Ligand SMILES: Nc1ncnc2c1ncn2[C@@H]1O[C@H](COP(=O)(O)OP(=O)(O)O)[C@@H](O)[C@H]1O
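As a starting point, one isolated chain is supplied in structure tokens, in the form predicted alone.
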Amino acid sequence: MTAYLQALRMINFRNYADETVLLSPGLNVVVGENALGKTNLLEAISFALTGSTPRTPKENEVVRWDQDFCRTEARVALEDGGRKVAVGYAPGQKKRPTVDGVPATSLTNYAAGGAGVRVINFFPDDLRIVKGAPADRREFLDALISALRPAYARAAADYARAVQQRNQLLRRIRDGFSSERTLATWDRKVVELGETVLKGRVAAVERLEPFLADSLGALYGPEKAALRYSYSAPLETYAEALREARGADIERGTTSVGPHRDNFEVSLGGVDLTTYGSQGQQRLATLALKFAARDYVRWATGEDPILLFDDVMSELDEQRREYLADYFLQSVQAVISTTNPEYFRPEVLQRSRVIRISGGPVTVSTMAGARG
């Protein structure tokens, strides 16, 4: 068995003052009414194991009201023993991830498996990956690759900063405060970093596509699913395209060519689901992308990530709920939240750990067949 989470402690995290939750390998079902902290628990697991929240860019929101810091602590079971990891955070300060009491070398390295296990999240807002803007799809792809390759995470961040600097220079040139000759240095830097991002994304999409086809086939049916990366300029002509766009870029004050303008299309039966898919198709495609991401991580590392899926059952029919329940049950570890435990068959719950949240202390029901 690969790594899994044994215990999580949350201090001043969202609505939790100081709470510890024990988890089992296999399926963990988090049950409770809305607004009591089910989603916060899944978010805290992700925060503890990656050092960031998948729910909001405003990370000060994770700190409990009227407190000035939060901290998550986790115990991870590994084949060769265990590992204790923690992430401390105070708004306005850098996060402090530690592994067995030793500060992590960097948050980027910590997020890329430094805790000993990776995670794949699904939250209801993730439907934007399929139905939303190209930036939402780029974010999904970059986050997945960054969780495997810290060097890619650094290159993507450096590329974004380089484009921002180039845009500022373009506006200065347009307004007569700088010479066009000064663009050469930033063009070289943007192209160098952009090529790294492009290579990483294209390779990831090629590997993800067959995983997506399998996952969406199981969830939806026999229609062929596909991923297609859409370039503002392909790798072979990227540098030339940036040079050719220089005049227009100066006039607009923004960089029009590069991976920050790219997109990828999710299609089913040749139909672009972003533009023409129904809400149900978009939801299933998002789930399939998450399952494909799990397969991608397993292919790249030989390890299964932890699955954190929030309110995933409520909008599915019974047949797909049964498929997902079996899928999660057979995972190394899955933590699934729901308001209604009846979405899971009794025999599934008997083999799971049920975690009940009622607004007071978290309680755990280890069913007869639960592992842990």
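Note that the structure is predicted; figures quoted are calculated from it, not measured. Numbers for residues come from their place in the sequence shown, where the first is 1.
Just so you know, the form predicted in complex with the ligand exists too; it's not on screen, but the next bit is about it.
Trainee: So in the predicted bound form, does Arg64 come within 4.5 Å of the ligand, heavy atom to heavy atom?
Mentor: Yes, contact at 4.5 Å.
Trainee: Heavy atom to heavy atom, is Arg14 within 4.5 Å of the ligand in the predicted bound form?
Mentor: Arg14: contacts the ligand in the predicted bound form.
Trainee: My question is simply whether Pro54 lines the interface with the ligand in the predicted bound form - judged by any non-hydrogen atom within 4.5 Å.
Mentor: No, no contact at 4.5 Å.
Trainee: So in the predicted bound form, does any heavy atom of Gly37 sit within 4.5 Å of the ligand?
Mentor: Contact check for Gly37: yes, within 4.5 Å of the ligand in the predicted bound form.
Trainee: Could you check which residue among Glu322, Glu33, Glu315, Glu347 gets a heavy atom within 4.5 Å of the ligand in the predicted bound form?
Mentor: Spelling it out, the residue with a heavy atom inside the cut-off is Glu33.
Trainee: Can you tell me which of 46 to 54, 299 to 307, 64 to 72, 323 to 331 lies within 4.5 Å of the ligand in the predicted bound form, counting heavy atoms only?
Mentor: Heavy atoms within 4.5 Å of the ligand in the predicted bound form occur in 64 to 72.
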